[in-house]
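Take a look at this one chain, the form predicted alone, written out in structure tokens.
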Amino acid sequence: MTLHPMIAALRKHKAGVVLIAMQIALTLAIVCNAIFIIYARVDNVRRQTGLDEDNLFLVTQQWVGAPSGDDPASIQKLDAMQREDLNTLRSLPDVESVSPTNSLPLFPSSWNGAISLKPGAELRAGNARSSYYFGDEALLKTLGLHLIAGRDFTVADVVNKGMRDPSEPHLVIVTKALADKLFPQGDALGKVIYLDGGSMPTTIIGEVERMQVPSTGSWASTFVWNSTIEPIRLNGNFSRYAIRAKPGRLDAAMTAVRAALYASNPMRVLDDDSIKSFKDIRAEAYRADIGMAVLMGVVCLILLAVTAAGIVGLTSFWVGQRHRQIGVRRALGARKIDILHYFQLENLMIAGTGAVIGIVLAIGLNRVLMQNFAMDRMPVIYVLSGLAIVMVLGQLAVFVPARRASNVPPVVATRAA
């Protein structure tokens, strides 16, 4: 089969050829970027936080009439109220462990800053960005964090301070990712760092394997594993408690917490969203990612369906116009399979031209998304996947009208004449 008569036939239908080629090009550009977005979103959703998420929940409550000042007397009274809550929660039969905390991974509240290896550095000139978690000696156990080096906090390490107190802790535990970022030689234990441009030294006493930062936004993607844990009970007119229920007792523990806290001190507010399992926190954090993945999937299916319909329609139109030509070829000895291959090869040429243009458009679209939406560079595999999809789609779409063309009998040539 020579290409010359095929090219000559396509020249007679330039408008249709250009239309299908451009449709394939746009489909390829959008589909491969959409697949990349879907994979990125799904990869985020499947990402492990570093916590033992089962049987873990968070309580956020606010006292009514609690002190609001920063004076030592107010801070100590708030701390006494918090410690009373901790004792109440730890005494519940379905509770295994409790720690005060300011936030959790994936929870929409974060404390962020920069860590420097030199004192007095400008905040923006720090060696690494980090999210800060505050808790007491039970925080690692409660969250199920894996300590891989150094030691955990002790009761003597834990201090309390007010919400607006700028003082920094003497000791911290950091994630391995942050330790490796600050000290690439792997000797972070015992080293001194400076938090948020301060001049007070803070010593790294331990490393945990992994702990994700609270935010799932793209702005935090460059330091997603850089977490610093400080031995601090934060005192304000509200408090948060991370609670680990005993295995299989999550629902019972979540139910008992509300009644126990009100029984301890009724002057507080616990609304419907005050007690959340970590499963619910994860679902809320990734709701937008899941929605975007579904939307991109629907867009891909619609585009592919429209492109397939366009190929079927145009090929069917061409087959109808070429009945006499097909009949002549059949009369001259062309087999059904030859006619079928003719239209398949013709579609391959159009789809190939569109695919070349589509690859250029796909790369350009990815660069636009990188510049405007902080997306990563799309790996070549996604372009190749999109290419394979549109080429296979073209062959499948052209099969039915091409098969109908192959069934045109040789006598058609005689009738037309």
Partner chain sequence: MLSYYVDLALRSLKRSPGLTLLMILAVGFGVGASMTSYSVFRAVSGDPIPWKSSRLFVPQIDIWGPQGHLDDTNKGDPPEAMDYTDAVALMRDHRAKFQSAMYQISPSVVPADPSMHPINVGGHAVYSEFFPMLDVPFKYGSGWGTDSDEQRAAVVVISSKLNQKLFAGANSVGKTIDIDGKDYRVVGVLDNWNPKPVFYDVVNTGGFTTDQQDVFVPFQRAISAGMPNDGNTNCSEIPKGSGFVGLQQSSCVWIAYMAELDDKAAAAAYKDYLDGYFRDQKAAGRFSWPLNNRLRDLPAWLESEHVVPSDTKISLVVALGLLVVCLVNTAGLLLAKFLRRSSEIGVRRALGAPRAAIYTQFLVEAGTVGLTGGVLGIVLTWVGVWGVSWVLPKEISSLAHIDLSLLAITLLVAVIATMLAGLYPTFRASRVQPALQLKTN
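What you see is a predicted model, and the numbers here were worked out from it, not measured in a lab. Numbering follows the first chain given and starts at 1.
Beyond the structure shown, there is the form predicted together with the partner chain, which is absent from this document and is the topic of what follows.
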4.5 Å heavy atom contact, R287 and the partner chain in the predicted complex: yes
Partner proximity in the predicted complex: V380 to the partner chain, non-hydrogen atom cutoff 4.5 Å: no
The partner chain contact in the predicted complex: P409, any heavy atom under 4.5 Å: no
A260, heavy atom within 4.5 angstroms of the partner chain in the predicted complex: no
Segment that reaches the partner chain in the predicted complex - one of 299-307, 181-189, 136-144, 225-233, heavy atoms within 4.5 Å: 299-307
Site test, A15, T27 and R268 vs the partner chain in the predicted complex, non-hydrogen atom cutoff 4.5 Å: yes
In the predicted complex, the one of P93, P166, G120, G333 near the partner chain [non-hydrogen atom within 4.5 angstroms]: P166
One residue of L314, A128, I339, L89 in contact with the partner chain, assessed in the predicted complex (non-hydrogen atom, 4.5 angstroms): L314
Residues of 66-86 having any heavy atom within 4.5 Å of the partner chain in the predicted complex, listed in sequence order: S68, D70
